[in-house]
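Starting off, we have a lone chain in the form predicted alone, written out as structure tokens.
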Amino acid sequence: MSLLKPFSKLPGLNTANILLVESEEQFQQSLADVLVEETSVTVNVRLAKSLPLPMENDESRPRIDLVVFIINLTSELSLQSAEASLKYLDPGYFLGKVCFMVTNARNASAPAERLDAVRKLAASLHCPLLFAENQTPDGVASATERLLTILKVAAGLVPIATALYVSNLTRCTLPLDIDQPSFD
């Protein structure tokens, strides 16, 4: 149970490796199925419920180019699992190789405080925060397209662009009044 390190292995030629972390595995599999259909590069998808990853296959595991934490806003366990998993990532991952993807943000049963907590988490780690619709095929395709853009840059497959540069452009920022009480 060691830290997952971004530069401990050599990259594959014309290959991008993504790790999808979701405690409930609802959206994870449908996203993975669409990601592997990419034809311009070889996309290898790894799935995990949480970190740390098991040590037994550490030698055969490829270098992970992007770690995506999928958080279901209707589940407190999903957010807690993502927060607990963060400590198993090497700080080098937070230089453009981590992003958060939120599902069920439009659901009325999702508390606004949980969304604020996810936004604060992403902003404090300077990571992109993506919102995805997981109920429709178009929503899954749109989420996949956004992830592939970030993944290609994180894997070094886009000339002149670096993961840190894209992360700075897409990172989550908080408005100055996020901690102020609402008067609605």
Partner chain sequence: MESSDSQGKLNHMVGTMEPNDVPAAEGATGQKDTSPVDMLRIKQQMSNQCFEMAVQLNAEKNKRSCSTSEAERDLPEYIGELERVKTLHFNSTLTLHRMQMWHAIGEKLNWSDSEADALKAISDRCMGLCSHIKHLQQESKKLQDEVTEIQKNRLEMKRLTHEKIKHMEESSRKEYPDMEKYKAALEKGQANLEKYKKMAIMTQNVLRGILLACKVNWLDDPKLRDIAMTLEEFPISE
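Numbering follows the first chain given and starts at 1. All values reported here derive from a predicted model rather than from experimental measurement.
What follows is about the form predicted in complex with its partner chain, which we do not show.
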| item | value |
| --- | --- |
| In the predicted bound form, the one of 46, 63, 120, 146 near its partner chain [non-hydrogen atom within 4.5 angstroms] | 63 |
| Contact check for 23, 108 and 115 against its partner chain in the predicted bound form, heavy atom at 4.5 Å | no |
| Residue 161: touches its partner chain in the predicted bound form, heavy atom cutoff 4.5 angstroms | yes |
| Contact test in the predicted bound form: residue 168 vs its partner chain, heavy atoms, 4.5 Å | yes |
| Residue 156 within 4.5 Å of its partner chain in the predicted bound form, heavy atoms | yes |
| is_contact(residue 29, its partner chain) in the predicted bound form, heavy atom dist at most 4.5 Å | no |
| Answer range among 54-62, 147-155, 128-136, 29-37 for contact with its partner chain, defined in the predicted bound form as heavy atoms within 4.5 Å | 147-155 |
| Interface residues of 93-124 toward its partner chain, as seen in the predicted bound form [heavy atoms, 4.5 Å] | 95, 97 |
